[in-house]
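Next up: a single chain in structure tokens, the form predicted alone.
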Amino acid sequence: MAEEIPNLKTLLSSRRGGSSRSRGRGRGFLGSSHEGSEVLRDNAVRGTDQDAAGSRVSCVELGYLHDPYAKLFATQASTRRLPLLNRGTYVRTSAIDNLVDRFMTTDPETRKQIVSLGAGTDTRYFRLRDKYLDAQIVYHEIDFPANTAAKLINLQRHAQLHTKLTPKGLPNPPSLGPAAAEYHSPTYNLHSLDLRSLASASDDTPPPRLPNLDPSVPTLILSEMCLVYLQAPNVSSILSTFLKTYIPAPTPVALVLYEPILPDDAFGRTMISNLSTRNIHLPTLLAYPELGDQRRRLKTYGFSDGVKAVDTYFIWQEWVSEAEKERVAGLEMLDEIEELNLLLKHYCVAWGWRDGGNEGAFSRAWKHVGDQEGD
């Protein structure tokens, strides 16, 4: 799933004294029906996944990122994105790759587990298989049935993908039914599930079984613009299900979030307005508007051994080496430096972990990752 970038021309003309028009929210034919509105919102959220796929392809074709699998999942014609949007996608992807890589290289001989929420067309599993040939990793992706079914079609269609679904590789596409929406193996698992169903889990109505999810293995949960679409109480309940039922203590577990922040300034208000015209709403943006709020939310979820949060401007300034900045700057002309900095300051990466009280895998993996000062 992906975010929609605000209309920067409209925003910046307003900031620079130009005129701007307010845009009213249209009424959909199903607007009077709560159920119909839910369907519209779900469809809008699912649609953002191809936006993200297109952004990755744009970055790959220009040399920002190395991802031989991105094109295999994109259904839209390749379109070159604006330079500042390419830079934003690069910073986002590189930042999460950095945290994942540090997890993977800490105790590399230890079996590890990654759970990607709302994974959509994400290619991280395949890239990790290339990068860590001998790693003992079990990877899980969870998404709407429509998204997992579409991904399975691509997995069956492309040998570059289905040969990496198991440690020894599959010489032939997996044999699945025409309406298949799930796939399970000791290495890669695609779960067809609406995450909201986990919010109502209880002793009387336990959550669905997730095949091959190991409750005893250090587990990293990823949410790139996924949980942001849900109501904050539902997010708390979903994560409680993961931390208490699926991955109970004392198993080490961590969460990495990528979400927008700062909804109350001109940029934030424009972002919310633009998204609302697409029937997309971001409840956690309003519930956790600043970095301090992001840190506090992670603590309330139960990540008691460490929490950190940084905006993507900080990541670009502090995490990216000068040599890499120079390489990226040479890929295409970027004149909108002020606009880029504004964009980067409105997105963040926040992460927290539970190591069982000791200096476990996550504490050691992320000990030297820079945090941003401030409440």
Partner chain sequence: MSIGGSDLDKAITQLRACRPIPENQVRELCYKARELLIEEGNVVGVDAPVTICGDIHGQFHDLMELFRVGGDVPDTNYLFMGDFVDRGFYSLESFLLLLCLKVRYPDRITLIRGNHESRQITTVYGFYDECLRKYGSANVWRYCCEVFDYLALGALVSGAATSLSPTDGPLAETTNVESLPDSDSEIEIETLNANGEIMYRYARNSDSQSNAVSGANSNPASSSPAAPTPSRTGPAGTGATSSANGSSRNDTGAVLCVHGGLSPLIDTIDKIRLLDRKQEVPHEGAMCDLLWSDPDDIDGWGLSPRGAGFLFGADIVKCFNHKNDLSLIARAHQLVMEGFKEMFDSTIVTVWSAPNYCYRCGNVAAILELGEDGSNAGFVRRSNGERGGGGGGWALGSNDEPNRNGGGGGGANDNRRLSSVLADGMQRMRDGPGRRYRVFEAAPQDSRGMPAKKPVADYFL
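Given the structure is predicted, the values throughout are model-derived calculations rather than measurements. Residue numbers count along the first chain shown, from 1.
What comes next is about the form predicted in complex with its partner chain, which does not appear here.
| message | Between its partner chain and F144, I238 and A249, in the predicted bound form, does every residue show a non-hydrogen atom at 4.5 Å or closer? | response | The answer is no; none of F144, I238 and A249 reaches its partner chain.
| query | Of 257 to 265, 131 to 139, 178 to 186, 96 to 104, which is the one stretch near its partner chain in the predicted bound form, taking non-hydrogen atoms within 4.5 angstroms as near? | reply | That would be 257 to 265.
| message | Residue-level question: is N274 within 4.5 Å of its partner chain in the predicted bound form, judged on heavy atoms? | response | Looking in the predicted bound form, residue contacts with its partner chain include N274, since a heavy atom lies within 4.5 Å.
| query | Applying a 4.5 Å heavy atom distance criterion, does S58 contact its partner chain in the predicted bound form? | reply | S58: no contact with its partner chain in the predicted bound form.
| field | Contact flag, Y347 vs its partner chain in the predicted bound form, heavy atom cut 4.5 Å | value | Y347 belongs to the contact set for its partner chain.
| message | Can you tell me if L285 lies within 4.5 angstroms of its partner chain in the predicted bound form, counting non-hydrogen atoms only? | response | L285: no contact with its partner chain in the predicted bound form.
| Listed residue that, although its partner chain is not shown, lies within 4.5 Å of it in the predicted bound form (heavy atoms), from E38, E324, E318, E336 | Only one listed residue qualifies here, and that residue is E336.
| request: Heavy atom within 4.5 Å of its partner chain in the predicted bound form: which of I280, L193, L152, L198 fits that? Just give me the one. | output: Filtering the options by heavy-atom distance leaves I280.
| task | Residue by residue through 80 to 103, tell me which have a non-hydrogen atom within 4.5 angstroms of its partner chain in the predicted bound form. | result | Heavy-atom contacts to its partner chain in the predicted bound form: R80, R81, L82, P83, L84, L85, G88, T89, R92.
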